[in-house]
Structure formats: structure tokens, C-alpha cells
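Encoded as C-alpha cells, the following chain is the form predicted on its own, with no partner shown.
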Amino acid sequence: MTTAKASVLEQFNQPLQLREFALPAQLEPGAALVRTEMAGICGTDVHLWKGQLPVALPLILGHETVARIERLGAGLERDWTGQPLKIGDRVAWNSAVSCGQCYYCAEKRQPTRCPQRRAYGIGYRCDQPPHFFGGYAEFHYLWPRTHIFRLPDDLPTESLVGAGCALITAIHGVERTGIAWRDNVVVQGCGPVGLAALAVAKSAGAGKVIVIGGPKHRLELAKKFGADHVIDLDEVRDAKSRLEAVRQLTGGYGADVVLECVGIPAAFVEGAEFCRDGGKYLVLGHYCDAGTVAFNPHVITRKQLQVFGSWSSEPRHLRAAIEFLRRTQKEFPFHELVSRRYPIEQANEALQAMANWQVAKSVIVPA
């Protein structure tokens, strides 16, 4: 093959366009060309499609991808964990690459805040060779220094793509809160990030996890993932009643930890009140700027809250996610979230299904 197909975002809020680009004739040292096996549709892809993040176009979306190695550049012999790489290996990779040398990378050990950090499917235009920088394509080009992971044979592709970036985002966020054994936890939201946060909280030893969200089919998934109680926003419509429900379920005190996983500003105001005095609140769902909301900071001092923020993930979180998924496939069936498959020619339908909450997870399977 000398060319391959990709579904390209050329204008915000407009249908993706099927394009064909030349495959690279040669790879630079340390790079790889991989053939896409499955690419997940993330909620962030919907935001990008709608123009809610400042990205340059044209763009091949897709930052949740599993692929097979087609070609390896000189010097690329092992993955991030030291395992040997060869043609045909099934791999995944950390979607973003940081510089490793700046103030945030080297001194403060906060690589997700690296000013040179760029993410596949988000930060690379596709109108210049080697073009293939997102998952909605038959092939994907991996720059040198990409954190590649060879996947174990006993981990289904559907498990990793079903968990997507939601799981590694949740692992990064929950580790900041230090959820303790038998803690009462509230998860705001039951989309992919909420379900992942639920799974991570349960595995961290949470005693009771309460999930607040909707629609009903997502709440049913939350129950399947181990939620002890769910509160349906369609049934418990006012914030005062939801707060009372949380308090009743936590002995009258509120939650030890509240995990915000919805990306709606008003959820912060409500979620802070779900915390017990001296509790912890994590803002995890606001990857995009959804605007401002009126909030009284006195709530933080009055309740002596600890408030945390978390952005994306690091390579170590992907390594942890791979091992987590291997061990807990029956307990947390992320593979079941892959509810609809689309060929690359139907990428628009896949995006629309996610935008309308019609599916738990739609994926693109190019072959």
C-alpha cells in the first residue's frame, strides 16, 4: 500500500471528510507506523468536533487507539516497559508526548503541564506528511519518544478501547485524593469517566460508592460496575433532594470523597455540598472550558474541604490501566462498553451516536 484512508475534521460542526493520504516511504529513527485495529470515540472528540477546544484544522481525530505494528524506525526496539517490539505486535500508546526537560517535566514532575506537550488526535494537523496522527484512519504514525506499550495476549482490544482515556484519567485523578479503605464516595456522572472513576474507587477500597447521573441505561452500567447506590437525575430533579439523599446514605455526614466527572460547572457547586466536613473534592470532568458558575468560597473554609484538580495522564497510568484491566475483566467489564462498531466511512455516524448518548461507546474499525 502506498496510500491509506482517514476521516478528517476540516470544519467545526461539519461532517468529517473521507480523505486519502500517502503513507510515509521511510520512517525517521525511533518512529513507528502502525495499522489501526480499533479506535474509540471519546467525549472529547465530540467537543473537538463542535469547536469547543482551540485546535488547528484539518485534524484526524482519535486518541484512544489499539493497532498492530507495520514498520519500525531504526533504534525502536523496546516498548516503555522494556519489552521487545516486532512487526505484528498489538500496541497502544500514551496519547500525549511531553518534552521531558522543561520546568514542569524535569523539576516539578508534572509532565501533563509541559508547555510543549501535544496529543495525537488533538494537537497535530494532518495536511503535512506523514499525515496520520489520529485514530480515525487506517494507519497511525507514532513520533520518536512516543510511549508505546506492547499489549498482553490476555487483554482484549475491546477492554482497553472500552476503558479508553477515561480509565487513565480516573487513575491519575483518584490517586491525588488518596481514597482510603471504607471511604464513602460520590461520583457525579456515569459516562465513561464516571464509570472509570467508580471502578478505580472500588478497587482502591471505597466502602460505599454512590453514582449520580443519567440516563437510565448508563445508571444500569454503573450498577454493573459495582455502584452501591445510584441517584437518577431524571427522578431526583432538585439539588436539595439529591443532597438529602447523599446524606441519608452516608450516615448524615456526606461523602469522604466526591469525584466530579460530568464537565458541567453547576456540578461543582452541588458536589462541594455532598462532601462531609473535612472531605475531599476532585474536579476531573472539565477537560474543556464549559464556562463559569457562581460559587461561594466560604463553603470550602466552612467545610474545611480539600479541592483537587487533575489533567489527563502520564505513561505510568497507562501501564497501571493495562494491568488493572487484565486483573479485573470480570469485575469491571469495560469491554461491554464497546456497543457499536463503525467502518471508517461512517465516522460521522459514530460521532453522532456519542454526541446523542445513544451508545456507551462507539468505535471505528477500519478493516
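Everything quoted here is computed from the prediction, not taken from an experiment. Residue numbers run from 1 along the displayed sequence.
Below: the form predicted together with another copy of the chain, not depicted.
Contact check for L23, Y124 and D154: none of the three has a heavy atom within 4.5 Å of another copy of the chain in the model of the complex. In plain terms, the part of the chain that comes close to another copy of the chain in the model of the complex, with a heavy atom within 4.5 Å, is 282-290 out of 88-96, 282-290, 155-163, 211-219. When another copy of the chain is considered in the model of the complex, E323 lines it closely, a heavy atom lying within 4.5 Å. Interface residue remark: E175 is counted as part of the site for another copy of the chain in the model of the complex, having a heavy atom within 4.5 Å. Put simply, S310 is close to another copy of the chain in the model of the complex: some heavy atom of it is within 4.5 Å.
Within 4.5 Å of any heavy atom of another copy of the chain in the model of the complex lies no heavy atom of R78. Taking a 4.5 Å heavy atom cutoff to another copy of the chain in the model of the complex, the contact residue among I231, A204, A119, L72 is A204.
Here is the short version: of K50, R327, R341, R68, the single residue with a heavy atom within 4.5 Å of another copy of the chain in the model of the complex is R327. Of the residues in 21-40, none comes within 4.5 Å of another copy of the chain in the model of the complex through any heavy atom.
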